[in-house]
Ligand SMILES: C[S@@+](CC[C@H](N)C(=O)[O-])C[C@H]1O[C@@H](n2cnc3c(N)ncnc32)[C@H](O)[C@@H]1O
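Presented as structure tokens, the chain that follows is alone, the form predicted on its own.
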């Protein structure tokens, strides 16, 4: 198998994938929700994706938000070439890609960044590369900046470590990655057929085995076959990031920030009397069985409450990107159990969001909402966001403008991704300027036909106006 000096797979590319929660608007929402006051970018912002892979996520962000100046860095030159293909297909001039490892990245002529993403990178590199990545963040993250660290985590990944070791043992390191994957899949199938006691005892390993047998080879190679596989507890990752001057803010998995939504009743009293942040997050990780965390950290900032907290939502808007108000569910199932929306707040809230994007300041003045405390409105809104029905957005002043202008920037990349990925769920996204991130097209309408999803627009590009979007991009 071809690997660099760092032991990272080089002969099979990672999958094309989009992570919408990498978007600045999502990270800003997490900080606002958690009451973390920090300096915010005023005239545009700078964003770095360190370990950007094939760059589809970053290109989608660049196509969705022209205020941003984006830099993607990856040690794999083939990944960078693929990212550049997407950039050119989208006609994007606000993103660039650089083929460098973490150590070389520190010496590049780059700006200070308002946002840095380490999405998965810390899970698959060795101790020296992790140190170099964090040194980059230390040197390049602005005061008030946010860093997203997404990583494999214990204890949720505990049953996967022996499964990975079993796959590695089934093949030779000298084989190409494709051959190693074939051998590993044959061994996994035999293990499953054997009635393995390990698999009977560990349901998570069984699910991972099934996914490995049927999964994308590029994903399997990069998830399991790199020389290094790092499985920290939250407390360990938090300590590493704290050492470079960034403090934990919250999770980009929104329900994980709320004990009401993620802690079941039998554990609530234990959770409430647990004192330290590390210990409380461990309770959450045990309940949720999280194998992968999306943690947001900030350089600087202070916790505020009351009116000062509500003011942190200034500059954010909210919308229902995929569903009409009439079809909105009233009940949601979270790890803590079933949660029902409070109709007195939810009905006028959903009606307002359906015409979105709409700001919190506009929401609190809406008929039916003006008499409710702001905290109640935020609480119901957060349930909708945690339930994947609403999401933070950029706001009307950023979403609209001239017809041609709002289509021209993001549309070519949307057409390119639909041409390439209509049948691939993880990459079936279109650029959504109103949201500031990619919008996922769920399977049913997407497979109904590309002609229904994407139509020509007056400027000659393509828009992603579909029936369920609910507002013009």
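Residue numbers count along the first chain shown, from 1. Being a predicted model, the structure only gives us computed values, none of them experimental.
Form predicted in complex with this ligand: not shown, discussed below.
For the chain shown alone, residue 185 is not a contact residue for this ligand in the model of the complex, no non-hydrogen atom being within 4.5 angstroms. A residue is said to contact a partner when one of its heavy atoms sits within 4.5 Å of a partner heavy atom; residue 295 fails this definition for this ligand in the model of the complex, lying far away. At least one heavy atom of residue 79 is located within 4.5 Å of this ligand in the model of the complex. Using a 4.5 angstroms limit between non-hydrogen atoms, residue 101 touches this ligand in the model of the complex. Only one of 248, 119, 313, 97 lies close to this ligand in the model of the complex, with a heavy atom inside 4.5 Å, and it is 119. This chain is displayed alone, yet in the model of the complex one of 124, 115, 86, 234 has a heavy atom within 4.5 Å of this ligand; that residue is 124. Screening 51-59, 64-72, 431-439, 29-37 for residues having heavy atoms within 4.5 Å of this ligand in the model of the complex returns a single hit, 51-59.
Taking this ligand as positioned in the model of the complex, the residues of 12-29 that bring a heavy atom within 4.5 Å of it are, in sequence order, 14, 17, 19.
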